[in-house]
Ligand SMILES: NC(=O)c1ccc[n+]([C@@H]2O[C@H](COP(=O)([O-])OP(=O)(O)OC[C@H]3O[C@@H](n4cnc5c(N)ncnc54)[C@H](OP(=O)(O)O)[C@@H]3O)[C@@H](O)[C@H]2O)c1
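Form predicted alone, single chain, as structure tokens, below.
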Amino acid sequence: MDLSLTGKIAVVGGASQGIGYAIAHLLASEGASVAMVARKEEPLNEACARIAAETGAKTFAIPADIRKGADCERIISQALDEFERIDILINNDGAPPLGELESFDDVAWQKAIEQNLMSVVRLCRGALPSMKQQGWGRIVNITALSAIQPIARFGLSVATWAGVLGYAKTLSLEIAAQGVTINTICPGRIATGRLATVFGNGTPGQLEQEQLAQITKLIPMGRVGEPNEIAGLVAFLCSPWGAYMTGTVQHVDGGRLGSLI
């Protein structure tokens, strides 16, 4: 299927690894030019060069910390300077620390809000004028299944991503008639470094077989997902085929969500 993304301009967060990298790679493979954003400059530059070499697409690295308002403004301005417009915005990053909610002070809460919620608000605010001017745009937020099926100790993420769901649904009502859609994806257990960090034995990027078995037995499909399985839905939502979908919350979780919706 031709997703008709050739010539589109995408800004992708968390693009040096994991889900963000998979999204950037697939959009580039479909013909989009991609501004790739991440905090660490060296891994980002390597990822950017690798995607350009493998897909032939134009890529552009923007090292930035989305937890900072000034960096969010710079991401938008640099992308516009490089590509002159923004068609697609993928809000994706890591997640705040785990822990009991009562253990977090105001500083921890503020950091979580800046990372998960305010980054989305700021980047959308920056990208929307370009999208509205051309009458076409796609915004996709990557959160987690815990945003709609809360888990103990994930409270910072749950609370702030719940804010993203409310923001996105409200924004969808305000921009739908202008050709701009906004949707949110809630991935379940996906094979990334984050999975090992949260559920592993403390060794970065590694899960023991017993730990993996404990995770997969809670997933009806009996396996964790792959980053490309998130990227595929993102690409669909960004294509003309997803034009009539906005304000939605999509869970990609191997059947793990324990509710009817």
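These figures come from a predicted structure and were not determined experimentally. A residue's number is simply how far along the shown sequence it sits, counting from 1.
If you look for the form predicted together with the named molecule, you will not find it shown, but the lines that follow are about it.
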query	finding
Contact stretch among 89-97, 170-178, 125-133, 102-110 - heavy atom within 4.5 Å of the named molecule in the predicted complex	89-97
Listed residue (G200, P220, G193, G69) with a non-hydrogen atom within 4.5 angstroms of the named molecule in the predicted complex	G193
Contacting member of A231, A64, A61, L212, with respect to the named molecule in the predicted complex [4.5 Å, heavy atom]	A64
4.5 Å heavy atom contact, K40 and the named molecule in the predicted complex	yes
4.5 Å heavy atom contact, Q78 and the named molecule in the predicted complex	no
Heavy atom of Q115 within 4.5 Å of the named molecule in the predicted complex	yes
I139 within 4.5 Å of the named molecule in the predicted complex, heavy atoms	no
Within 4.5 Å of the named molecule in the predicted complex: residues from 236-261 (heavy atom criterion)	none
